[in-house]
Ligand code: PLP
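Here's a solo chain for you in structure tokens, the form predicted alone.
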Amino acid sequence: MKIWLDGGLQDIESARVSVFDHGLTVGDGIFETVKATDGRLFGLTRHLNRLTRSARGLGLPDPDHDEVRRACTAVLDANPMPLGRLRITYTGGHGPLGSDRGEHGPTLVVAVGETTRRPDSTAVITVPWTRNERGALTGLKTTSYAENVVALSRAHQHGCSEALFANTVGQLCEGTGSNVFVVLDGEIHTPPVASGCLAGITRELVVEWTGAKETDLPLDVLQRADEVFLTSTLRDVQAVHRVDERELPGAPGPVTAKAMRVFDERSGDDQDP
């Protein structure tokens, strides 16, 4: 297995990032996860644009898109696999043991790991913790991910693959690594970015391709929605068959099934929409 680290391919056994890297010591970094199918990346341009938005939000230098593309190509060529999770990580680099940044410049790591296609439906839980829709990191895909680790662990303890958050005013927001959609009277709705959710790439495409509406939704909409589904880079569109103790028999329902079909068709036609 080879990864890209600061300018070139390295063996995973010998690649080293400083123990003083700000991404490690204070979570000062950003990342993107990109789906790789037989060496072809899906939606890379949109992912790179979001990487830049996240970098600017943290005050990091803009990542060099050409370098990141070269790194992605090199890593995929060196590690062929049918379905992969490619991870681009970009941190504040070597820094002091505190919140101030150093002068060494950012660290870029690109790695890939093999994965499998997700099942057509899954179970989710809601958690008591909230997303802060007014926080400094809201809308940025940062490496400060510990609250997602805690929430996802809670989900796994309950036999679920995802945990869903409300925001601080009780509106439905997002999952630990996914966006959430609900079907009400045949119409698809998803929380707006103003709710505090990440502007997911798959979310963005589903809104464009299905006409889903961005709507402020109370958390308890999950208890009355006709259908619920998740979107993310590796889930694509995935139906939900259970929310907490509520079963949604027959998932994927007809609207979700159509969204799944549309996404599969459109994404198959264009790898970089």
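In case it trips you up, residue 1 is the first one in the sequence shown, and so on. Just so it is clear, the model here is predicted, and its values are computed rather than measured.
Just so you know, the form predicted together with the named molecule exists too; it's not on screen, but the next bit is about it.
With the partner removed from view, the residue among 198, 151, 109, 125 that has a non-hydrogen atom within 4.5 Å of the named molecule in the predicted bound form turns out to be 198. Note on the interface: of 111-119, 187-195, 97-105, 171-179, the segment with non-hydrogen atoms within 4.5 angstroms of the named molecule in the predicted bound form is 171-179. Using a 4.5 angstroms limit between non-hydrogen atoms, residue 91 is distant from the named molecule in the predicted bound form. Although the partner is absent here, residue 129 lies well away from the named molecule in the predicted bound form, with no heavy atom inside 4.5 Å. Using a 4.5 angstroms limit between non-hydrogen atoms, residue 50 touches the named molecule in the predicted bound form. Mapping the unseen interface onto this chain, residue 231 counts among the residues with a heavy atom inside 4.5 Å of the named molecule in the predicted bound form.
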